[in-house]
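Only one chain is included here, represented as structure tokens and corresponding to the form predicted alone.
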């Protein structure tokens, strides 16, 4: 049996606005195993970042976790802690947040304080969660900054965010997230704002640190190429729902949901002849006016109203599920020889 660290069950997160209710996360379920990497992929606005914040119980009004469970197994033999049921400001949540589950936020330029030095932002959580003296916490911060490949770490502690490059800010965020030896690291698009060379360095760094610390990673991105490189298992999201869940090889070599297939067709490949990339027709629907039945049906080439009114989350194989009523029909169509 897999050693589960975190299990999300039927999670719903809504934003209650004056214009109406946005169902940002709409019944998502998945598991993260200890020491493994789960990739969360989908277009912007599909609920990836909101779900990550919900795991840390950091959803702020007008957003709220309305139902579901976020079961965190701190120790393999211990009963789970349902983070979703706790007060977001409680001592138990504060202990878990950053101390056991840490997060690299999407944009380090806005996540780092503009008026505090790196030292001020790193040392306080280290003192709080590891119960170290200020000097011991500073030494630990210097060691972490050096470990993530930053030169002159002692001098860097005295700097402000505007004095660092994009790659340096991202490495500082990684060092801060690792400062308390978390069991789970949530990385919310950590390579989006950096160049390709820095992206490769950050991915290599995260893999090395995962091997060293034995932590699990939840890696959120819209880039399937990054997912192929770093993930063990993948959750594909669309409009707040998971539409396909499988291991990374299955997602890339045997995708079942039309949305996953369309995403893969839109990736440029080295062997591709000179032509326009394929795009997914239509636009993402208004989240306040979601389509009835299958949320993807306005953009789906396989849509049949009588079949797709209430698509099940069907089990394709033991560890492969997809939210589509026409999985087997589609596979038959794709396997038929073209004349």
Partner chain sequence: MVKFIIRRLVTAAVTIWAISVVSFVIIQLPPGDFLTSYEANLRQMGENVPEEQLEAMRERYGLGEPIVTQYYKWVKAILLHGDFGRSMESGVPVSVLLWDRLPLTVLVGLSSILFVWVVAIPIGVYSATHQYSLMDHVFTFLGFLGLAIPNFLLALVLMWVAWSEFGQSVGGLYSPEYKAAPWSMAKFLDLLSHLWIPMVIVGTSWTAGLIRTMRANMLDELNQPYVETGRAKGLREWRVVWKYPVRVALNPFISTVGYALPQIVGGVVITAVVLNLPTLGPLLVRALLAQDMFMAGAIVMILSVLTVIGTLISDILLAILDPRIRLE
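Numbering follows the first chain given and starts at 1. From a predicted model like this one, the values you see are computed outputs, not experimental measurements.
Another form exists, predicted in complex with its partner chain; not displayed. Remarks below refer to it.
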- Query: With the cut-off set at 4.5 Å between non-hydrogen atoms, does residue 247 touch its partner chain in the predicted complex?
  - Reply: no
- Message: Residue-level question: is residue 120 within 4.5 Å of its partner chain in the predicted complex, judged on heavy atoms?
- Response: yes
- Mark residue 173 yes when one of its heavy atoms lies within 4.5 Å of a heavy atom of its partner chain in the predicted complex, and no otherwise. yes
- Does residue 128 reach its partner chain in the predicted complex if we count a contact as any heavy atom within 4.5 Å? yes
- Is it true that 60, 94 and 114 each have at least one non-hydrogen atom within 4.5 Å of its partner chain in the predicted complex? yes
- Counting only non-hydrogen atoms, which stretch in 94-102, 132-140, 229-237, 257-265 is within 4.5 Å of its partner chain in the predicted complex? 94-102
- Message: If the cut-off is 4.5 angstroms on heavy atoms, which of these, 155, 197, 165, 89, is the one near its partner chain in the predicted complex?
- Response: 89
- The unique member of 28, 41, 65, 56 whose heavy atoms fall within 4.5 Å of its partner chain in the predicted complex: 56
- Are there residues in 152-167 with a heavy atom within 4.5 Å of its partner chain in the predicted complex, and which are they, in order? 160, 161, 162
